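As structure tokens, one chain now follows by itself in the form predicted alone.
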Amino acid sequence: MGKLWVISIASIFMLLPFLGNAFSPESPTDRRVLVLLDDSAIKSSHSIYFNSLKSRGFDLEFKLADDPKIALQRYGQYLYDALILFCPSVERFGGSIDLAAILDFVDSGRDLIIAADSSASDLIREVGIECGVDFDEDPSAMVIDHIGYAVSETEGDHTLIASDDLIKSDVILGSKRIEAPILFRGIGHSLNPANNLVLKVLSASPSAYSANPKSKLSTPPSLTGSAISLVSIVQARNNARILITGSLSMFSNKFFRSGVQKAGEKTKHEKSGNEQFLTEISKWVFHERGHLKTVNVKHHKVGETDEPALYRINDELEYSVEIYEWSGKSWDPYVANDVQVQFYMMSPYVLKTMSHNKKGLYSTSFKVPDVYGVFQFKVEYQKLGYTSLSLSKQIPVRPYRHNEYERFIPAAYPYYGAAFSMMAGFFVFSFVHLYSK
């Protein structure tokens, strides 16, 4: 018994370093990141990208993908907040990691980056399918563009793509415009039309197609034009974020430092847009941007401050909530003009857009409908690039009690008048009938 107690205490102390920096709603930015590599050389050949993450406070742990000792969790606690898969050719992960473990990792609200290339294994393709993207089924296919390629020393190499077809979203890519095209060499993928959570961030041009660059086309390619996604993102319903790309090379130091000139254009950029693009999108993936939280949800009658246990029909009430956005270092007020609240019972009886004070406080007032039952205050907020907000608070609404109705109802005045006029007429008729000769 004593030995068991000692082992339990030792296990807790082993986990303390991990639990202390864990992902939390108060500080949502991922801090512990596991990087799985095909080859240890990737750590140096992609060092600029890794160093940019370290400079922002991330703790990176590098392991080979087939290491028999790797694990995502220990004693039921996840050891990492994010996972980077820079191991496109791995056929089987080492340790306790498999496809199901990666999906459970995402289902727990943690984040994932997947980088494939022309050597992508069936395992990596299966992970992509589960995330809502389908890599080209042809294992020898690459994205080819005879118009939108990058000018290079290798004549006729049109697999080096220079793309600038980016999603228009400041929250995903930052407010600073990416001037230089982004270099891409790898495999394309398409989005699953049944999955509305996946978005294209970087698309191929209309002239691009996916095929084997070393052989002539005998049949039309399955992926063509802007339907080819080069980089995609997913924000799951639990707000976990995923980045998927078919090019491991686009993260490399070579592509970061390389100059770029798009075919048919005179402008030559001294540096590609890869570093800015991947740095900015990693801020989104790791919740340094676009992460919202709500606090101080309140409702009460107009003129009061205490929250009642129930409302009466036709009561005037006020509803308020504070919304903040994580900037990577602190919670800043979130300012938008499209946050709405519903007063809901089977369907919305009231739908109001809330006003704000530019300090994060959103509020509105309205009259309780002339319908009694069990209602809900609901805020369902979904906006491109931001974590979704879902607030719900149940509150009953009662009718008037028998002694709360007005003594004389204004709507009934015509009926009151009709009754009294008939009584007066009957009195006059009776008087005339009795006393007239």
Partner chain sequence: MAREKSSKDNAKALFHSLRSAYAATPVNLKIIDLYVGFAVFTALIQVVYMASVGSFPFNSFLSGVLSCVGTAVLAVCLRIQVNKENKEFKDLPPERAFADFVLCNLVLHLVIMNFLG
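If you're wondering where the values come from, they're calculated on a predicted model, not measured in any experiment. Positions refer to the first chain, counted from 1.
Omitted here: the form predicted together with the partner chain. The next part is about that form.
- At least one heavy atom of Ile409 is located within 4.5 Å of the partner chain in the predicted bound form.
- Of all the residues from 208-235, none has a non-hydrogen atom no more than 4.5 Å from the partner chain in the predicted bound form.
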